Every structure is written in C-alpha cells, then in structure tokens.
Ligand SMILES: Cc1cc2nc3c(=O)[nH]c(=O)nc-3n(C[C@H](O)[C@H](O)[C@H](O)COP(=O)(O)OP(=O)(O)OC[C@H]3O[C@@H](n4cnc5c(N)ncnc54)[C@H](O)[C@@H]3O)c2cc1C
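Next up: a single chain in structure tokens, the form predicted on its own.
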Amino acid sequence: MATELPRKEAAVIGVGWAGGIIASELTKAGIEVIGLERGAERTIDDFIMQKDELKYAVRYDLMQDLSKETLTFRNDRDMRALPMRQLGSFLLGTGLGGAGVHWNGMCPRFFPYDFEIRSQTIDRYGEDKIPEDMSLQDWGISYEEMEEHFAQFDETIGTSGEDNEMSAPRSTEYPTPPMVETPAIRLFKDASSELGLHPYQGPSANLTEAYTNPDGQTIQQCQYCSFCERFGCDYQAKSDPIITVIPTAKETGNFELRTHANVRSVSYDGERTDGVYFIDTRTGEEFFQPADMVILTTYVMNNSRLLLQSDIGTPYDPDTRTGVIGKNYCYQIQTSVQGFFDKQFNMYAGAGALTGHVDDYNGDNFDHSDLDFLHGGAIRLVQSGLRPINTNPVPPGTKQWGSEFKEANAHYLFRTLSIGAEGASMPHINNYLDLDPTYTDSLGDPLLRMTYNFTEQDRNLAAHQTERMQEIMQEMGAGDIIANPDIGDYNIRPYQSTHNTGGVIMGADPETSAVNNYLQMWDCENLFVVGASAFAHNSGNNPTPTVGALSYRAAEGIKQYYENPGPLA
C-alpha cells in the first residue's frame, strides 16, 4: 500500500535541464513544486579536484546502473530484442542535474527549417522529395515563436559565441564572447574559407568569462582543462542545472526536492492525472505524490516508458502507422574524418565545446534538388583536449599493442586532427519505442524496447558529409586521411552520441502528435511532457538549446494553465 504524501500544486519528474527550468520558472511565479529525482543529490563539491578519467570517462560513474534498469534493442521487427548490458552508443545519466552535468556544452540552435520541415521541404522541392516511409512532420510551432525562448536559455547559461550568416537568426547578442581560436581550429577555419564556406567559433556553455545570469547565478570562466564530457565541472565554468536553475528554484522557498524517488507510473483516470507513484530506491517504500499538475521531464526514453506503463496516449503501431506514444524515435548520424600531419598541434588543452563550426551543409542551407537525402549536419573540428587513457590515435595498419603501438601513438598524439559531422536524423515508420514483452527491470516493470536502424536517407547523408569533410581535411594539408563514408547498420555497442530524441512528439494534430506546442498532453490536459522526447525529428545540431527553449515555452504554458485550466491549443 502506497503512503500518500501532502498534495503539491505541481510535481516535476526528473530534475535536469528541463525539470530545473520548469521548477525555477514555476516557483518564481509562486507555484508550489516538488521535484522527484530518482538519482542522488549532487552539488559542486562532488566534483572538486575530480579530474579522474578512469572513474568518469571509462567506468561511467555519473551514468545509469544497467544491472537495475536498461532497455532492449533490435534493428528491426524480425529480430529478437535483447537488453543493453553495457553502456555503449549513448550514455544514460542519472542523479540530480541529469545529463546536463556531464554534457560537453555545445549550444547551436535548431534552424527555422526544422520547426516547419515538412511544409518548407514541400514548398521548395515538392511532396515527392519526402520518401513515403519517412514520417516527417512539422512541429506545430515556428522558429519565430521559439526565438524568445532560445534567447532566454542563452541568458540563463551565458552562452559564449559569435553570430554567423549560416546559423539560426538571433534577436540578441551572445551573452559572452566566443571561445579562443587555437592553431588547429584556425587551420580548419582557414581551409573551410578557402573552399568558400563560412566557418565560425561554435556556441558554447563553457564560458569565456565570468557571467551572472538574470536570476543572480554566477558561472565562472572556463580554464580549458579538457574534462567536460562525462565529467562535472569543478570550476563551475560549464553551465549546468546544479549551478543555475536548480538553486534558483530552491531560493524561492517554493521548491521541495526529493532524491532517490523513482517514479514508476502516473495516476490517470482517462482524462486527468492526480499524481504519481514512486519508490524510494534506498528503502523500497512506495509513495503516492498527489499533484494538481504533473510535468514529466525525465530523459527521452523514460518519458515514453512512463506514458506506456501508465496507459496514457495511444501506443504507436508501425503496421497501421497510427498511435503516437513511441513514434518518431530519432538519433544522430555521426561521421568523421581523421588526418595525420607532419607538424604538431598542441591539443592537450581544450574544452567540450571548443570548436570550429561550419553550417553550410546543415539544415536546408544548401540545395537538395539533386541530392538523395534531406537536411544535413554541422561539420566541426572539436578541441576537447587529450585525456591520456582514451586518446590513442595511430594510422591504419598499426598494431594495437606493444612497442610499435607505443611508438606510433607517441609520434601521432599531437599530429592527428579529426573533423566530425553531427548529422540530422529523419523519422522512419519502423524506428520507434514500445514496451518489451519479455524483459523487466529490478522492480518488475517492463523495459523499454528500441527498434532502430539507419535508413537510406541516413546513409546517403553520411556519405555526402564525409566527402565534404575529406575536402576540408585535404585543404588543411593532411598526409594520410582516414574516412569511412559507409555507416552500414546501426550498432548499439560503440559510443556515438547521447542525442536520443522523439517518442512523445509535438505537433498541431492529436492524431499525429502526443503533445501540443506547449508540450501539454492532448489526452490529459494537466500532464505536460517536456524534453527532447518532443522532437518530431532530430536536427544536425546538438539538442540541448532546443530542449532549454522548449522548457521555457512549456513553463509559459503551465503558468497559463495554472491560472486558467484547460487545453492550451
């Protein structure tokens, strides 16, 4: 029997970027909020002098324990889905602040094209340009409506950057100047310019100077220490939820945080929710948290899983192409080119978002009339720093052990540069999320099942971007160049990107989307589902700024609902 707790006006489930933004905005408006976070509490003190690559980058100390909960995976419906036993293609975070603690800090916005992708594609190329099996749809909102919320996220985190004619238009300047241009990035930018492209310093949440945001929270200056991705920042120089929005919520006096609270289901009577059921992961005790409004802000997979477990919304059916929960799961199409040089580059210092960035082959910035794919992706040279355990570049054919390996690694460590592409992921009718009929977690709840594979769209995009990166690398003067334009089938084992999206997508039609443009559930008006789960596809840029902007948009809608309950769209 669950113990019933005192009622709250709003319950926020999962306290990372999305949950922290929702909590801060609602509590500032005088709304009483409880945040339920299944992981442990974290503060900046947890990361003081923790430059420990083995602990965080190899043993994944900040990530989810897959022995207690994981997901199952298959490439297609003819395969048997099996549990992911080790972290691989993506890293599922846990704990207060979520993935916002261990992110790299790259902050490019999605394009106007992304929000109206189906309409704009048809307007420019005709309806035949969209493959019949690509479930492409508009997001139910325009970039113009979203821009103020992008600006608000920039102001909260203090984004460092510079404007560029190929990136999304801005109404405000970046809060802080761009990151330094290193010799390697300068070479990349010079080569790109020689090819007629428009390179610039990528936008970053690793701040170039100390900055105090409108809520009074201060982010410090980046020290270029090379410990960003998979690490918390002990300098407080990488904007994250535990130094920005979460303390803002706490300072209002209207926010209660409960950690080790694993929400298993949302209470639902067919029209409304009145709260959530959760387990205290330390004691095993079950609780019911009543709430006037529930906001799901967990990671992408868990937003879908909680709705499916709670029988809220219609599960997606790939045979009939009906239903919405689990629909349009997308990822990121990653490709790279590696170049070996005679001269040395000091790549030891770096930061997660220290990049030279090219958007000429991103979005619809280039003509797709004669191409066999849509969209594109950012092309970047990233100088994230050289950590000793996982940085071992050697040319192809080199032995992977012994004296030959050591000699080659010592020689090429500072003579190797890589260029990567962050390719967009278009939805496909056979890429989706549902509940696994066989496997359960340690509590006996069904695991989420992922059915996903790369498509011809993905493979053609990857080949195109690889060719463009080879051209840049050749212009940079590399000797040997390693490139693999054929990405084949999706493999969940090697790390690629923690940019999972979709499953609870937004739109203007309840027949084809799960939430409206305030991320309010069509089927449950006092339930909001916020995060990258709302993306109807994934762009060729990192998702976090769009998650942040959508969170501010959702907070605006939730405050409206609080004052005047009812459907917002």
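None of these values were measured; they are calculated from a predicted model. Each residue number is its position in the shown sequence, starting from 1.
Quick note: we don't show the form predicted in complex with this ligand, though the next part is all about it.
Only one of 408-416, 103-111, 129-137, 180-188 places residue heavy atoms within 4.5 angstroms of this ligand in the model of the complex, namely 103-111.
For residue 297, a non-hydrogen atom is located within 4.5 Å of this ligand in the model of the complex, even though that partner is not displayed. Using a 4.5 Å cutoff between non-hydrogen atoms, residue 434 does not count as a contact of this ligand in the model of the complex. Contact annotation: residue 315 falls outside 4.5 Å of this ligand in the model of the complex, judged by heavy atom distances. This ligand is not shown here, and in the model of the complex it never comes within 4.5 Å of any heavy atom of residue 375. Interface residue among 289, 226, 498, 156, judged by heavy atoms within 4.5 Å of this ligand in the model of the complex: 498. With the partner removed from view, the residue among 469, 117, 347, 263 that has a non-hydrogen atom within 4.5 Å of this ligand in the model of the complex turns out to be 263. For the partner-free chain shown, 91, 93, 94, 95, 97, 98, 99, 100, 102, 103, 104, 105, 106 of 81-112 come within 4.5 angstroms of this ligand in the model of the complex, judged by any non-hydrogen atom.
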